[in-house]
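As structure tokens, one chain now follows by itself in the form predicted on its own.
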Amino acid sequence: METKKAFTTDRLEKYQTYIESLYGAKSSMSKEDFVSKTSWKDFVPVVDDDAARFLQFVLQMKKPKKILEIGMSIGFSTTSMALTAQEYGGKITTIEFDRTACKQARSNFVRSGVDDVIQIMFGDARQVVPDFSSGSFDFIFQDADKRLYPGLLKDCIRILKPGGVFIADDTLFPVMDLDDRWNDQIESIRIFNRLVADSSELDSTLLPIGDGMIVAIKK
């Protein structure tokens, strides 16, 4: 019986290269271009182009009016989503704890013409998220410190409307060959992935987009 070929890092890179050859030219904004125009370079890594495209794709399908992003960095994913959200009247609230990142992101939003779509909330997500009312958001994208993921999940589910979409980035960390600086975040992602998969309140799957994205819908 014929078996499928092993899923290797080299194979994944070939897949990504092929996908970018198909869709890269159609993207409204690329990570490389966005980063090149950002003066501050000491920022937390941002999502890859395929992940940004996927976020835009989901927004186009669901057209959520109230969007929450947890973890903004310099605002690449925020801008990507805002370019789509402004087409149908959606608004984004984004949380970031680094003041320099907030300042740089705000500048990037103005340059990209999406600053009127985005509200920046400076602070620790562990203090900010619990203050939101139940059912406040139609769509939540989480890309903060991975150690926060398990502790924030209960509130993320609470503040998400029934039928709303929850996406979390970097969820393939447990099976990736990562730089040592990420080692202290791997176990938190492993715990988070299991919590989401076992949740009675969510229907979910984990997609090999970027460094892994869990996509869930609140029942």
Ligand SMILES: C[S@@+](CC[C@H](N)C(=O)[O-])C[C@H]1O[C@@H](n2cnc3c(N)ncnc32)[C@H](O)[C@@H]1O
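Residue indices: 1-based, along the sequence shown. In this text the structure is predicted, and so the values were computed from the model without any measurement.
What follows is about the form predicted in complex with the named molecule, which we do not show.
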So which of 82-90, 95-103, 130-138, 112-120 is the stretch with heavy atoms within 4.5 Å of the named molecule in the predicted bound form? 95-103
Against the named molecule in the predicted bound form, would I167 count as a contact residue? Criterion: heavy atoms within 4.5 Å. no
Although the partner isn't part of this model, could you tell me whether V46 comes within 4.5 Å of the named molecule in the predicted bound form, counting any heavy atom of the residue? yes
In the predicted bound form, S73 touching the named molecule (heavy atom, 4.5 Å): yes
For the named molecule, considered in the predicted bound form: do all three of D124, D143 and L148 come within 4.5 Å of it, counting heavy atoms only? yes
